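What follows is one chain in structure tokens, specifically the form predicted alone.
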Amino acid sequence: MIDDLEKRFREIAPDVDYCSLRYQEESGESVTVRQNILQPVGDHSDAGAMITVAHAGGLGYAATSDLTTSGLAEAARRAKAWAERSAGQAVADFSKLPHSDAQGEYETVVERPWTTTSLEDRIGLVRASAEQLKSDDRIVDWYARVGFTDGESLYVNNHGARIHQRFHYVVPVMAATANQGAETQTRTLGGYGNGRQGGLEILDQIGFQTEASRLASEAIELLSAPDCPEGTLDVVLAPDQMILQIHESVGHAIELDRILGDERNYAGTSFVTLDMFGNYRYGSDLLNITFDPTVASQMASYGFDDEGTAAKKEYIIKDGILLKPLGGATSQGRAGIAGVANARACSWNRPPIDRMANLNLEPGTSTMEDMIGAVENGVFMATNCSWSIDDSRNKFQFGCEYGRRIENGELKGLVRKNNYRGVSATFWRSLKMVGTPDTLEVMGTPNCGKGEPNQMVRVGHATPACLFENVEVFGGA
């Protein structure tokens, strides 16, 4: 298929300034057991291609699931027509923007392929974990799920680029909900943030078959725990909460197309402006955020983005100073500012836009014991359960499933309904300690939404635990 597609593209590519074909195919399976009952096994498959044309300053694209020569030729005709219509009226002269001539391959490293087991065995694996969650009559709802997806893409253009990539994703989820009287509490295995690239080895790495009893016990214990205290306190955030903090108050805020106004009428704008790059203090000296699609097992790792730009690790924020936006080649050309290789599309029928990929907080030098020991009055919080942030990605309020009081440098009893709020423009400056690599976790989500029409993409975050001082904390809800 890949060789045939490339040959067909060479046959039908019109004589224009730029023309590309981007083919994407995905297929997968999901197995869910809820309350010890197997749910219908999910099975999906989808494939198609998009032809993009830039000519005489205009831009056009057209997608098709008809991958025959005639189907691709019709898509090319429509893409060229749109390019001609938009010439002189677009936000930039697309013919003058740089176009990739890269060639390369990428494939996820897999230790234990999903397909080496039978469907019966995969169901049995998920069922065994689900059954462990029902450890007490107070557990009223429980489920375990594992989703697997294979993906393949081809990018070729009339400037000599040829990029072939293959991806393998595993997304495990587990939850136990306990109830007693009017009180209900839920514990999950890292929320929905345990997605990675790889095979069945991921389930062993995150404890999918060993952590169920702990989750159930903690859900029950939270039923009788006091509410989180209210006040200005120090907060230690576990990695499975840090990923949400990074995602919402850094990642979306520094997407270049959002800063340029492309998302204004849908997902909002950003408090970040173009003149901030290179000088704005986003956080304390301890804040180091990298864009890194090269981490082998992370959810959004790849060799090249969907505009054909080679991916590499780059500092977005270094020593607290904002350096680069998350903007691909097209947005960089529009804004006149350097960015990264993050133009990504969720499918063959969507154009690439600026997206987070792997956005990671680099580890520091503080152990968990150091961070807890430095807190006189505070709360340890883990596992996001709610989030709210304004349309400029500035003011936020987040809630966590699990908390413990910290008093005089020691972890104390459980607290529930843990919430904190802040302002992105100042919150990260309160970063007091960053955990060592021993506290770091590699996580990822399959469902980051953005764009019109909407695009859901996979995003990765790797982060250690962190200590923030003087945070507004409250309970309830």
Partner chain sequence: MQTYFNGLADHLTSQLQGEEVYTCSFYGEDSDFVRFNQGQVRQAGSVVQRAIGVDLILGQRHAGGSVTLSGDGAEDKGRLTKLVGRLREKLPHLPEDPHLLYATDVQSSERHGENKLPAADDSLGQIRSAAGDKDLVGIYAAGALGSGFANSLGQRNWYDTWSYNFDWSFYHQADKAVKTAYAGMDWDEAAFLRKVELASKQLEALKREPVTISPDGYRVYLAPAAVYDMVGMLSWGGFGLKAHKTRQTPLLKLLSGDAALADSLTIRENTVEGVAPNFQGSGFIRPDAVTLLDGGKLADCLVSPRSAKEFGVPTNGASAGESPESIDVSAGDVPTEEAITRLDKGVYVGNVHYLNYSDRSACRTTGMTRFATFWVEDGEIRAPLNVMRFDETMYRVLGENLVGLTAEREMILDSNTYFGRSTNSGRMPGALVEDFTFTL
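Worth saying up front: this structure is predicted, and the values here are computed from it rather than measured. Numbering follows the first chain given and starts at 1.
Below: the form predicted in complex with the partner chain, not depicted.
From the list 214-222, 155-163, 379-387, 98-106, the contact stretch for the partner chain in the model of the complex under a 4.5 Å heavy atom rule is 379-387. Shown here without its partner, the chain carries 140, 182 and 474, all of which come within 4.5 Å of the partner chain in the model of the complex through at least one heavy atom.
Taking 288, 349, 132, 149 one by one, only a single residue has any non-hydrogen atom within 4.5 Å of the partner chain in the model of the complex, and it is 349. Although the partner is absent here, residue 303 lies well away from the partner chain in the model of the complex, with no heavy atom inside 4.5 Å. In the model of the complex, the partner chain lies within 4.5 Å of some heavy atom of residue 417. Heavy atoms of residue 261 reach within 4.5 Å of the partner chain in the model of the complex, making it an interface residue. The closest heavy atom approach of residue 275 to the partner chain in the model of the complex falls outside 4.5 Å. In the model of the complex, the residues of 435-458 lying within 4.5 Å of the partner chain by at least one heavy atom are, in order, 449, 450, 451, 452, 453, 454, 455, 456.
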